[in-house]
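Quick setup: one chain, the form predicted alone, written in structure tokens, and binding and motion questions come after.
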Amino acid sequence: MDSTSRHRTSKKPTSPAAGEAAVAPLPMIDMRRIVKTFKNAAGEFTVLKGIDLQIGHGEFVSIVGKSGSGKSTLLNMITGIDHPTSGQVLVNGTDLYTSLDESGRSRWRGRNLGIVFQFFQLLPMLSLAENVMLPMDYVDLYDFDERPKRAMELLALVGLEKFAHKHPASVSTGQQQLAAIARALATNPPLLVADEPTGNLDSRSADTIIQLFDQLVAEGKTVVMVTHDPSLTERTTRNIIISDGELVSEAVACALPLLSHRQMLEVTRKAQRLTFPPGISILGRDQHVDQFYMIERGVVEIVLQGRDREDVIVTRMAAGEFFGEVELLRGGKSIAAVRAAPVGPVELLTLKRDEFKQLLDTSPLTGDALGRIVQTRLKEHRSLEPRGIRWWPFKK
């Protein structure tokens, strides 16, 4: 039974910690059952297959997936550049496709959204400062005399104030991308969307871009970035994986990071969802375990019995962590009780025993990683004995 999931990518928890309010604010991005189908001479091709996605205010999110997986189309739904075949997209409370027409979306985009393109899209005949002023001119934001000052402030933010009057061709590719970010911030939008913003940059320039995104998130902006670079996904608060037009469960991706994207999607499709109210038992001590449990939302408590037979909470686990692997791999009964924490309901994704074993057969790396986790967990349980906490031996 895993209490830490140390092998998985570390992300900020999506579940509230003990004592936090359970009521969440409205998300910055709320996508509901988004389907996108393209038609051509060869027929119809569905790129997005019922996408449900919520991204909160102030999150730094990466979207990854192989070429053709649908990530660019997903981004176009968020920015209002393309139309979904069906479904609803709300950004900061605005329904992009029901309440706005094409010109309305264009005006909304100018004031509420900054877009950073992979190939910069700076106008070559304008200086960097003039490029940054363009969005202000387009939506008529800020006084005419104030716009040059704001452009200089934004270029100073990205370290380009000395190059303000140079044309894009006169600066490096990294500096062009920084100028593109300054332009994206021209109207002070709450949401920044970046499509492979570091794809054409060296590692040093890429690091500068990510540091700047970190700073913007710290100031309260939301940043959504499409990337192929695994080193960048390590630095975002969430990593959303899309495969074959469907979203991989973030709980699956965190719990089983060594699977391929297609394998993760298969687990997402097969897994059954269970919901437990606050404080309700999920597994009893010495109970037969037939499933592998991944926490999607909420907090669970791992409970052992102390010397005086009172329950002792030895650890708490949150979204992306898992339990049940010890018993499934070693063939025993539950070595501890598991219950939903009193702070709120718990949502779990579960794999049946045979599905779990089949998964390990198809992914030896995952099997090896879980085997090491099992050994660590058993040592941790045995270390509790001197404290008078009883760990339950396996019964076959």
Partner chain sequence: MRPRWRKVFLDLFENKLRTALVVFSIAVGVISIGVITGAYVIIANDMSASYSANHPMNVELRTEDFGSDLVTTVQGMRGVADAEGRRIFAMRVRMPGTVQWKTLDLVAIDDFKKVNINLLRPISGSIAPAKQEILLEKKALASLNLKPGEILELQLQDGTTRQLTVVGVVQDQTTGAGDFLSPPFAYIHTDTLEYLRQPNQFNRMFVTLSENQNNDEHLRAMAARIKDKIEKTDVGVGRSRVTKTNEHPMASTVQAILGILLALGVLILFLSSSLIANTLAALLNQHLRHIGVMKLVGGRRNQIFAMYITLIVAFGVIALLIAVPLGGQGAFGLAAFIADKLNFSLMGYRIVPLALVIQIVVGMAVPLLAGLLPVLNGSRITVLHAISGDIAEETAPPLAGGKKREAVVDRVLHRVTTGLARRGYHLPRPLLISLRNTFRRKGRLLLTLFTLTMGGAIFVAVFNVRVTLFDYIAAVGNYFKADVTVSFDRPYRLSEVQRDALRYPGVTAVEGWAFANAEVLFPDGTVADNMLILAPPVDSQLVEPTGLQGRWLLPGDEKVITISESILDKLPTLKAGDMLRMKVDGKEDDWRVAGIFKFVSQQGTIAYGSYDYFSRLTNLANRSVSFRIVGQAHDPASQQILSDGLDKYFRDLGYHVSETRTGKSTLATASESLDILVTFLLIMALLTASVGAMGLTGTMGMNVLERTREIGIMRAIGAVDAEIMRTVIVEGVVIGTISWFLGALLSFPFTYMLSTIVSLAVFNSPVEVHFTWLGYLIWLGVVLVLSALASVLPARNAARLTIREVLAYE
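Numbering follows the first chain given and starts at 1. Fair warning: this is a prediction, and the values are worked out from it, not measured in the lab.
We do not show the form predicted together with the partner chain, though everything after this point is about it.
A heavy atom within 4.5 Å of the partner chain in the predicted complex is found for exactly one of L90, V217, V303, L134: L134. Residue G110 is the only one of G245, P84, G324, G110 with a heavy atom lying within 4.5 Å of the partner chain in the predicted complex. Within 4.5 Å of any heavy atom of the partner chain in the predicted complex lies no heavy atom of T94.
Contact check for R273: every heavy atom lies farther than 4.5 Å from the partner chain in the predicted complex. In the predicted complex, no heavy atom of G284 sits within 4.5 Å of the partner chain. Using a 4.5 angstroms threshold between heavy atoms, D311 stays clear of the partner chain in the predicted complex.
Residues of just one listed stretch (119-127, 153-161, 208-216, 263-271) have heavy atoms within 4.5 Å of the partner chain in the predicted complex: 119-127. Within 4.5 Å of the partner chain in the predicted complex, a heavy atom is found for all three of N76, V139 and A169.
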